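The chain below stands alone, shown as structure tokens; this is the form predicted alone.
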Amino acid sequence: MNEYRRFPRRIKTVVESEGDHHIIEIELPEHEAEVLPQQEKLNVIGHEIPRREAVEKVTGSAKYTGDYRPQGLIYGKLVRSSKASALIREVDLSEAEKMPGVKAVLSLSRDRVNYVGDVLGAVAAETEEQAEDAVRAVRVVYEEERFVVNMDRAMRENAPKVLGQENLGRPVEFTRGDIQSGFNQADEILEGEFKTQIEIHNPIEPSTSMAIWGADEILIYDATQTIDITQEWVIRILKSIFPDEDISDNNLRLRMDYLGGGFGCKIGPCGLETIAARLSKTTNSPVLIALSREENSLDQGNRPDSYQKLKIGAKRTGELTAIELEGYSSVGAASRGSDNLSPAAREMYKCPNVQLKYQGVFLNAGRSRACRGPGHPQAFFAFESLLDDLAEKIDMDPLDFRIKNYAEKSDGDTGRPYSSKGLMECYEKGAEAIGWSNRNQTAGDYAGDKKRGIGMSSLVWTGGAGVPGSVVEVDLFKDGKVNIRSGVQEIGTGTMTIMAQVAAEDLGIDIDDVNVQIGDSNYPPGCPSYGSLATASITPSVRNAIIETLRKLYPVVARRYRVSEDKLESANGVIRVKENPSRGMHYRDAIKNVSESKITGSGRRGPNPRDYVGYTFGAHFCEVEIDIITGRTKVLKYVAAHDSGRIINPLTCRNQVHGAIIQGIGYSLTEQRIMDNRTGRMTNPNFLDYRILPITEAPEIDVIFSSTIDPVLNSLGVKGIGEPPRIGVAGCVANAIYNASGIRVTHLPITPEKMINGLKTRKEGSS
């Protein structure tokens, strides 16, 4: 056994993401990098460095999956159901097969469909237009059945059974303490019912796959957030279809250079990969399938809606005594699943007595799918709204009420301690930046036709701690240049840039001397890009890979200074004698003394600490203006204060927060999927009728990062940032609207019509 090995080679460890616990087996690193200094100014990490791919993206030279045009490329289109629920009596492909340019027609042999847009088959033709014509020529004979596309109706006793069983999925339940005792201790109890709408992910790049089935390799270009997971799934499906074919990770390669947004709808396979591969095998040609905007809206997932019934009790002195939640969220025609509606009630504040129950509801509509902070925006909209109302009832400032119930440990101060928590700093700096002391002391107490108000929301993201086991390889060349590679994907968050920053920091070189290669299953297995896990997963692996690679130069330095290798260490690219750090060589000098053209090594991320919970936190504040004539709400200023550990690149990090805030405001005020109960169709699967917040309506956004650097979670002290900024927006906006108008809107989105009706009701009530 290597004398430097400090851990057993493989262990089982727990990964926490979005409130779920997953046990995985990982191979441990030989050596772990030392934890970076807490506050020391570093040379590259913590600096604002433009994205590596920025020029390619703004000039249009960046290649996304749909931009590749190999010789002989043909185009695939999908045959989709026009019915919300029906048995399939016949699928006639004969006319489609005769269409000009058609190369292949594929039937998926379905016996029923469960929503409009459900896939029945596919065609491949020389042009997209020919493929679309062929799809229209496919004749499908349906035996229509009753359907339901609305959650309220699906929960009724006589509702059509979407999957041949009850429309309510298996409930998720959680209890701590004694809920009835908690309410008995309360001086004030508030109840409320809240609804949120279905949100479509709407990335700028719809789901796209291209397959080239060759003699020696099956190459798939795919727009995905999870290269390794998708590759594994595609191999399994294709092997079941072609049992006599040799299909494995040795000859099925998955690639993705750039992703035009995903937000969760590109987690795992999108379903196009295997269809494109089958068409490619049949036609002996490369096949590209790119979904339209409408198809992406119907069939690539959504953030589910929710109904939440909340009950919160508190003492007049501000201590929470009990929290009860009953929740439902529609999951479409999926076989299982429900968004996690528990984090606000279970985790955010100190409370000894909690009882939660939530479950999914099946509909004849496209399935729900993880959407930037799954479950959390819905949960925090409801909880933070009712919390503000309870603060008003006990005559306590909403910020003071939250601070009064500040938790230092997980599960409402009853579980393991947090690895770090900088939320108090977020409260203080965020309140100062928004001018919290200037808010209306009485809701609606703002004169004029345009009322202004200020609101806030706390947030916690129960993920972002990182996935152990992610692997990075490093090449050190004799000219001093460095190459690092991993199967992790660049989804628009700046992964390539921060990997280069970390490598340059640890090697003591210029960042321009670091080349980064990612997005290919032929590279070492990286980590998925979801759950705000990527940075905290891959950057520690970069550091450990550098350590292992530099160790291959230890014999050179040991001979030079006549010491044994165990007397050496590396720091900032210098291999030196531990007891006398002045005696050492930079790797650029040491590598000149080896015969190889390069030195290669690999490293992986170690396990998360067992005794701590690694969550991220934040506090959001905003000021809104409401036109009482039109009912229109405008967010004037938004302050997002976040605790996400060490910030590797403030420039790309702020960009993440800005995008999330704009998305969140759209969710709060304008976005919603609209279904026709008579036809089962989505009526607004486009950017005209599904209103995303335009940049012209984006507010001034002030981003604040806490100074907290996580001391135990990983060697860089980083935590996730991709999803947390989405979580607090709806609750923050709703509370600001209440402060401005005195109108509590409990059903998202908060449209002008709802505001006008609320203002009218309030006026009539006061007259």
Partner chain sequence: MPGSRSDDKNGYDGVSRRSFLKGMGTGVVSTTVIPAVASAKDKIDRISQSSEGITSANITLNINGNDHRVNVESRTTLVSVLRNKLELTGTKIGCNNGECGACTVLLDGKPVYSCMMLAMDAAGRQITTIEGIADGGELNDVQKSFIENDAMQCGFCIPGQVISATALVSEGGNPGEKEIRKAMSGNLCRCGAYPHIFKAVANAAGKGGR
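Numbering follows the first chain given and starts at 1. All of these numbers come straight from a predicted model, not from anything done at the bench.
A second form of this protein, the form predicted together with its partner chain, is not displayed here; the remarks below concern that form.
Visitor: Test of understanding: in the predicted complex, would L78 fall inside 4.5 Å of its partner chain by heavy atoms?
Guide: Flag for L78 set to no.
Visitor: Residue-level contact is defined here as any heavy atom of the residue lying within 4.5 Å of its partner chain in the predicted complex; does E40 satisfy this criterion?
Guide: Output for E40 is no: heavy atoms all beyond 4.5 Å of its partner chain.
Visitor: I'd like to know whether I204 contacts its partner chain in the predicted complex, with contact meaning heavy atoms within 4.5 angstroms.
Guide: Looking in the predicted complex, residue contacts with its partner chain include I204, since a heavy atom lies within 4.5 Å.
Visitor: Classify P711 as contacting or not contacting its partner chain in the predicted complex by the rule of any non-hydrogen atom within 4.5 angstroms, answering yes or no.
Guide: No, no contact at 4.5 Å.
Visitor: To verify the annotation, which of these, P694, G164, G448, P243, has a non-hydrogen atom within 4.5 Å of its partner chain in the predicted complex?
Guide: Among P694, G164, G448, P243, a heavy atom within 4.5 Å of its partner chain in the predicted complex occurs only for P694.
Visitor: With its partner chain left out of view, which of F617, Y221, F263, F362 would have a heavy atom within 4.5 Å of it in the predicted complex?
Guide: Contact check passes for F263.
Visitor: Please determine whether each residue of D118, R153 and V467 possesses a non-hydrogen atom within 4.5 angstroms of its partner chain in the predicted complex.
Guide: Verified in the predicted complex; spot residues all out of contact, no.
Visitor: Of the listed stretches (477-485, 254-262, 534-542, 406-414), which one has a non-hydrogen atom within 4.5 Å of its partner chain in the predicted complex?
Guide: Selected range: 254-262.
Visitor: For the stretch 90-109, I need every residue with any heavy atom inside 4.5 Å of its partner chain in the predicted complex, listed N to C.
Guide: The stretch 90-109, when checked against its partner chain in the predicted complex, contributes only P100 at the 4.5 Å heavy-atom cut-off.
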